[in-house]
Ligand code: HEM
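Here's a solo chain for you in structure tokens, the form predicted alone.
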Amino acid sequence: MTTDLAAKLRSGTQQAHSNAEHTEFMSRFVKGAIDKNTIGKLLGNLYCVYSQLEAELECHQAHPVVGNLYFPELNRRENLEKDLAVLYGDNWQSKVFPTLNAQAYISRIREVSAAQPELLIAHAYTRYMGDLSGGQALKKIAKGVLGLREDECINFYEFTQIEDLNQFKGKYRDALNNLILDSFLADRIVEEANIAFGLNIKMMGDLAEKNTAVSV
């Protein structure tokens, strides 16, 4: 049966979402109190996480449940590659490595993909809805930190294939609500979304530590 999964995810992750917004790293980020090296490490971690997530979502695009939440226009990997090439140069791949907690995040995505693919929906929701919402505010801050001109952009935060972000978020929530799930699986997805937030918080914790950044 269909469930109001979008509302369940929103209410069921409210505390975890708040916790993620109030980490030491995010507090510094919103104040612009980070440097180019930290932005580079952040984007490097995100590149590794999104590479795994998007590979798994693509793998399961024919899945009767997961496939309904497969929107390739959301993919961030190629955008992150462009940003990392600007920050680190043509050999950026030799300079980008996931932190320990980013590795744990990636392992969890790989694990649920193999054991219960439906739980990938929780990870997709947590990442992409954040990018489409709060990420757009962080875009301006990050541009300032990197000293980019008005006509320059951080590709990670750009969704050029989506004309109206708010309209698309409504479309995404509708897709969540139209999934055919029993109540047990819906609850498991909410539980997994809280796990995803926790993994993200730990990954941000790596970036809040001193001497974690690779020089750009």
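All figures in this text were calculated on a predicted structure; none of them were measured in a lab. Note that residue numbering follows the sequence shown and begins at 1.
This next part talks about the form predicted in complex with ligand HEM, which is not shown.
In the predicted complex, every residue of the candidate spot (His17, Met129 and Asn200) has a heavy atom lying within 4.5 Å of ligand HEM. Taking non-hydrogen atoms only, Val65 never approaches ligand HEM to within 4.5 angstroms in the predicted complex. A residue is said to contact a partner when one of its heavy atoms sits within 4.5 Å of a partner heavy atom; Ala208 fails this definition for ligand HEM in the predicted complex, lying far away. Not displayed here, ligand HEM is kept clear of Cys59 by more than 4.5 Å at the level of heavy atoms in the predicted complex. Proximity of Arg188 to ligand HEM in the predicted complex: non-hydrogen atoms within 4.5 Å are absent; the residue sits far from the partner. Screening 119 to 127, 68 to 76, 82 to 90, 96 to 104 for residues having heavy atoms within 4.5 Å of ligand HEM in the predicted complex returns a single hit, 119 to 127. Taking ligand HEM as it sits in the predicted complex, the stretch 100 to 119 never comes within 4.5 angstroms of it through any non-hydrogen atom.
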